[in-house]
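There is one chain below, alone, in structure tokens, taken in the form predicted on its own.
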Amino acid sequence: MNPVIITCAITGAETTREKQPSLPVTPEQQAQAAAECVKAGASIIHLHVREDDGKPSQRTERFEESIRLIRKAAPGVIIQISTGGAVGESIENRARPLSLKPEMASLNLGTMNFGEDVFMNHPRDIVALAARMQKNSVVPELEIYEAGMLESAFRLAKQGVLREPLHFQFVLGVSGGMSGDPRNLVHLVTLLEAGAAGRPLHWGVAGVGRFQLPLAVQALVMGGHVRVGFEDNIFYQKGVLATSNAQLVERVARIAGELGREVATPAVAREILGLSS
């Protein structure tokens, strides 16, 4: 089977240190967490940044500092910044860090209820973010929370807004989106393969909360890639906090080995995703 790319979303915008004391917040803490994750088997770091007090931030300077320290601590790792930010952040602030020209960035494909909030992604803003990514040679990872967003992605690709090959991340388990029911992942992958019509594309899954581990295993069996990390889940098992992001990465890497899936190094992940080395 093809190698599995493991992404670790080390911080996120919603998780707090009150709930997960090991959450990396400062650039130094994020760099250390990234190095540990790469050693455990991750090849992509999905990056949100925070201010020192833990508040979510979209400041370009903060992203720049974290990226610099992560690259120093984990040479070669692929850094994928978030353009989602915290729920309610303006689209302009969400877009600013793209000026740093990271290799990858997340691109959310639609507006949705997100817990008790509404995560706004107006069609014109999606197109504008995609255009800015193209301008800065940033490869988008297409964040899919429900089936309609997947169909939107194919429509945007047909219009030339998105360039192939397409890289999809199914985010399942958010209240307001599709749950982590295994049938939902099968349904999305079936739609994906039908819409691809033989064209090259890649997919992974990020299970939220209790769905993280079962969906990771399902993705490994189905040939997809996997995202873990404190952004999506803070527990190692029910009622037991994970000690680090790396602990979550290491478990997926171990299971992948048992299933005969080689864990992709950053170099191999770049080759799979068509990123420039």
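Numbers for residues come from their place in the sequence shown, where the first is 1. These numbers come from a predicted model, not from an experiment.
We do not show the form predicted together with ligand KMH, though everything after this point is about it.
For this session: State yes or no: in the predicted bound form, is some non-hydrogen atom of Phe119 no more than 4.5 angstroms from a non-hydrogen atom of ligand KMH?
Result: Flag for Phe119 set to yes.
Exercise. Hey, in the predicted bound form, is His48 touching ligand KMH, heavy atoms inside 4.5 Å?
Worked result: Flag for His48 set to yes.
Exercise. How about Gly85: is it within 4.5 Å of ligand KMH in the predicted bound form, going by heavy atoms?
Worked result: The answer is yes: Gly85 has a heavy atom within 4.5 Å of ligand KMH.
Problem set entry | Asp125, heavy atom within 4.5 angstroms of ligand KMH in the predicted bound form | Outside the cut-off, so no.
Problem set entry | Ala13, Val263, Ile255, Val268 - the one with a heavy atom within 4.5 Å of ligand KMH in the predicted bound form | Contact check passes for Ala13.
Exercise. Heavy atoms within 4.5 Å of ligand KMH in the predicted bound form: which of the stretches 70-78, 111-119, 149-157, 188-196 has them?
Worked result: Partner-contacting stretch among the options: 111-119.
For this session: Enumerate the residues of 138-162 that have a non-hydrogen atom within 4.5 Å of ligand KMH in the predicted bound form, in sequence order, or give none.
Result: The stretch touches the partner through Glu143, Tyr145.
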